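Below, in structure tokens: the form predicted on its own, a single chain.
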Amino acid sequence: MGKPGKVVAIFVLLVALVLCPFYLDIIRLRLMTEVVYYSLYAVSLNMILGYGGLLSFGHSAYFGVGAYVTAIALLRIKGLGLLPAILAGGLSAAVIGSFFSIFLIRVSGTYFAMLTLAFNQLLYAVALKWRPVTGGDDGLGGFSIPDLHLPWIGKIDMLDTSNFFWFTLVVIGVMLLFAWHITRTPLGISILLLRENEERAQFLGHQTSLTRFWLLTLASFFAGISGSMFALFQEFVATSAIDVLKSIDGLLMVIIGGVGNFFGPLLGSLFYIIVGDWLSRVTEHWEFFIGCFFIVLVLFFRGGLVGLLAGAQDRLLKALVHPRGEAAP
């Protein structure tokens, strides 16, 4: 698909998303809201895995920090606005991510993956044991979502499902645009060089440690924003938001969608949430079928769903250009 075709496809998709509240019932609209904020979580993990070439088992640490900080801020700071609460979650996750990256930039491969897992479990233990602040295994609830106040528009009720969906779409859309822009900057190019050949990148004058530091910090920020939206949407935060299983969910979204492709995690989150919800209503063993699909995808279709769609598109174009019976030049 050429560039004009991609622009048209993205425009049609955006229009379809904006109009979701008009043709979806409340249950399906809430499901689409989950797809939207989980897409940023998957994209942030893809920045580390697909662009940086680093496998992380602890990405839910930043997702959970964003969720907990937003919930705690709304509970303890009277009159806190909606956008500051979300920003607090994202920045807190970025601070944690930058601190962890001081240690993570020193290792790679298996050691990097295991260290991310260790940091994740450390924060999970904090969330579980620090009951006066986090609520422990009982979770944290009882906070209300503030109304959104906009100039010339006035107060917008965020308890309305449609309003919250549109708000999530705007916030996540801005963050995704920011993330996409990063991949096109010199920093993004340095990240790709780091993935391909770290020694060559150093030889060319790139400060690989600094590049990895910013990669981990920015990915943590995006995951924290996603976690903040999760907390607002659920109006409740529990230790499941910071559990390692949440990291596995992110990895599944990225790999199913297509590792290294910016739009892959978007498609992966859509598939994982929608198909997972449908299967869970059909059978209690829905995770088994998701796992089987994942195994087939990894073994035979390394490009994920994006690769499958691209291959189907190429075959369709060849069939249109060279109909059956005509030899290709």
Partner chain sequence: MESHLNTVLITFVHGLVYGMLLFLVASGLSIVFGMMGVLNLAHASFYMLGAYFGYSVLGVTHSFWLSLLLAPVLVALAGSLAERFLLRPVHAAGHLFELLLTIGLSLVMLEIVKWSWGTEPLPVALPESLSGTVQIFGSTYPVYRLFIFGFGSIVVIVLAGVLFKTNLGMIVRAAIDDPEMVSSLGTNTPLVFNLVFSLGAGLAGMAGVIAGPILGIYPGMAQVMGLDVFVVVVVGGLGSLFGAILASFMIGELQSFGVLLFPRFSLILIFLLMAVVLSIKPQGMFGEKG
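It should be emphasised that the depicted structure is a prediction, and the values quoted were computed from it without experimental measurement. Numbering follows the first chain given and starts at 1.
Just so it is clear, the following notes concern the form predicted in complex with its partner chain, a form of the same protein that is not shown.
**Student:** Tell me the stretch among 101 to 109, 221 to 229, 145 to 153, 167 to 175 that has any heavy atom within 4.5 angstroms of its partner chain in the model of the complex.
**Tutor:** Looking at the other structure, the answer is 101 to 109.
**Student:** Since exactly one of 115, 95, 158, 80 fits, which has a heavy atom within 4.5 Å of its partner chain in the model of the complex?
**Tutor:** Only one listed residue qualifies here, and that residue is 115.
**Student:** Indicate whether its partner chain has at least one heavy atom within 4.5 Å of a heavy atom of residue 55 in the model of the complex.
**Tutor:** Contact check for residue 55: yes, within 4.5 Å of its partner chain in the model of the complex.
**Student:** Decide whether residue 251 counts as a contact residue for its partner chain in the model of the complex under a heavy atom distance cut-off of 4.5 Å.
**Tutor:** Answer yes; at least one heavy atom of residue 251 falls within 4.5 Å of its partner chain in the model of the complex.
**Student:** Does its partner chain get within 4.5 angstroms of any non-hydrogen atom of residue 119 in the model of the complex?
**Tutor:** Yes, contact at 4.5 Å.
**Student:** Looking in the model of the complex, any heavy atom of residue 288 within 4.5 Å of its partner chain?
**Tutor:** Answer yes; at least one heavy atom of residue 288 falls within 4.5 Å of its partner chain in the model of the complex.
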